[in-house]
Structure formats: C-alpha cells, structure tokens
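Below, in structure tokens: the form predicted on its own, a single chain.
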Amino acid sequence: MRFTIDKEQFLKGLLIAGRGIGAKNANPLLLCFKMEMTNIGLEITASNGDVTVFTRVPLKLNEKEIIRNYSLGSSLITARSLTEIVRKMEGDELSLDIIDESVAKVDDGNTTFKLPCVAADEYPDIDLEKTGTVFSIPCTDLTRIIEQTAFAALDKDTRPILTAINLKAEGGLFTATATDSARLSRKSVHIDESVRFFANVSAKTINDIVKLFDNNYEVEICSTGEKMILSFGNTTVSTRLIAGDYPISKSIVPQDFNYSLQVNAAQLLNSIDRVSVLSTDSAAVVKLLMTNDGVEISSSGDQNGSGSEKLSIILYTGERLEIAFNALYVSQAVRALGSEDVVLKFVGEGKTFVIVDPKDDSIIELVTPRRTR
C-alpha cells in the first residue's frame, strides 16, 4: 500500500476514526487503525469493541485531488502514534508507504517517520451491514434532540440502562428521552409516520457521534439487534446498544398543574448562579418562594451564610408555594430549552415539576424537588 495525500484531509479522517479508539484495550490490535487504500479512496476503520467508526477519505473533493500516486493495499498502524505524527508534520502533502508489510514510512519531503505495522487480515471482523428498520433524518434534527436531552442521563454505571438515551420513532415522531431518575429530558421531532424504531444507546457515545456530522445534511439510521448504525457523508458509526428495559417515562410527567411561573430564562439562570455562589456543594440547593406579591429565589448553608434575590416575574398563577431544587439540574434544563422565556409548572410542594418553552411543546424538562430541613 502506498499513497500521497492532502495532510488536512488525512488528519481529519484520522480524527474521525479515532473516536472509535479507546484509551486502553486488552486486544492491542484495537489500538490500531485498519487502513485500506481502494480505487475510491482511503478507508480508515477503528473500533474499541463497543463502538466502531469507518470513514473514507475520497480521491477527490470538490474537484480537488486529495489522494494521488497510490497503490492498493491495507495495513494496521497504531492510531495514537500515526495521528500525532500527521498532526505535527508541516508539509501540505504526506506520503505513506508500507514496506515489507512491517514498516509504515510517513514522509512530507522534509521529515520522515517509520512506524511498525501489522497485516490487516489480523484485525477482528467488523460487521457494518444495515438490516432491519432503516430511515433518514436531517443531521440538524438528531443533533438538536441529543444536545437537548443527553445531559439528563446518568453519568455513573450504577444503573447502566440510565446511562442511555432512549430513542423511539412512532406515530410520526422521533423522540429522545434521558433520565437519571432525579430528572428527565424529552425532545421530539417530526418524522415519516411509517417509521417504527426503538433503541437504548449510550448518551455519551451518541453525543460524541453527532459532533462528527460537520456539514452533512442527512444521517441514515438503523438498529440491528444489539447495535445501532449511523451513516452520514463518508462516515459510518456502529455502537452497541444498552440492554434492558428503559423506564416507562410517559406516566411520570404530570399532566395537570396548580401553579405556573413564567420568567425570563437569562434572569433565572443568573439569579440561580448568584444566590448559590456561597455553596461548596456541586449540587447546590436553591429555594423558590412564589406568591402573588412576588417571587424570591434563595440559598443558604450552615457555614457560608445565605443569599436571596427577587425575580422580575412575567406571570405567576397560583397560591403561595415554596419549593427547593438542585441548582445544576434546573440550570441545565433551562439552557437545554434555548428559549427567551421559560415556564415552570408545579403540582404542589414536594412533587416533580416541569420546565417548558412556552412557544415549543416538543421538549419538556422534568425535575424532582429536594427536601430541605
């Protein structure tokens, strides 16, 4: 195998495929890129056993020649070493040449590196065949629903199913739901009514995948038993699904409310940030006292004192209500909505409450209040 390649596009391909490489792996071959030069481009595959990334650097891009002077072949090269070499080399073009199937020579006309390599046929078999339900949605839609929900998934492995985002398509809606049992985030986008789809996928993994979309318009999705495959542009990603039954969340969200507070999102965020500044706990507890005469937000600690601030409300409906909550949970929920104003809806003291965008009913954030002394 031999080729001369545009450095920028080569590095881009390595960085995309590198998302499939783990920091450690019991199988040293899975710390390598599988690289194959074909008649349509350079194909780079990387896998950690749970996530596999395949990407192709094409021969031409917008009529610009990306790869030239190539001969077909394949090899396994240590991912971290190759990526760092390509990143640091200064030439606009690089040449890579496999010598005697054991040495990869990388050269930019000024600097030369030689890396050990291994025959590609020793790499584990990778199956990226798409079977089952296959459908496409705009990359922007999938990015939006992941960014607006992923933060609510559990970030510890104590309950693996809660580290997942539940993706479901039915009735013309594609819905993402994430919960860590103390809060929940759900976002829907419209989709073809014929699509039926269900998958529990790692929130961290899918969040990393959508960051690769770049300028691609659509992503093709399919779920095949134990894995989900996403294809966009010249890249395909396969990720193992998380086994288990996702919590039934539809019945968790209250439908009837006795109290409603509409406020400016930026003001609420700034007020939470200010009154919780004395807290030394990452899960600072903030209290919200609401009456028809006004709304006050406050926090206090046993050692560091207290802080309070009055909110300039837009609209409050209901009797007197005091409720405490995790400042981080509410702040993340408000930011995820991305709206100018937000509405907090309450059932009553000690009951879960929701935060919504008054102009968009496709997204809902639910938070469990905190008990205070």
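Being a predicted model, the structure only gives us computed values, none of them experimental. All residue numbers refer to positions in the sequence shown, first residue = 1.
Separately, the form predicted together with a further copy of the same chain exists; it is not shown, and the next lines address it.
Contact annotation: of the candidates T143, T133, S260, N270, the single residue with a non-hydrogen atom within 4.5 angstroms of a further copy of the same chain in the predicted complex is N270. Contact with a further copy of the same chain in the predicted complex, defined as a heavy atom within 4.5 Å, holds for exactly one of L278, V253, L173, I161, namely L278. Residue contact with a further copy of the same chain in the predicted complex: E322 places no heavy atom within 4.5 Å of it. With a 4.5 Å cutoff on heavy atoms, D157 does not count as touching a further copy of the same chain in the predicted complex; it lies far away. A residue is said to contact a partner when one of its heavy atoms sits within 4.5 Å of a partner heavy atom; E309 meets this definition for a further copy of the same chain in the predicted complex.
By the criterion of a heavy atom within 4.5 Å, N110 is counted among the residues contacting a further copy of the same chain in the predicted complex. For a residue to qualify, one of its non-hydrogen atoms must sit within 4.5 Å of a further copy of the same chain in the predicted complex; none of K211, T291 and D293 qualifies.
Partner proximity in the predicted complex, defined as non-hydrogen atoms within 4.5 angstroms of a further copy of the same chain, places exactly one of 124-132, 229-237, 212-220, 87-95 at the interface: 87-95.
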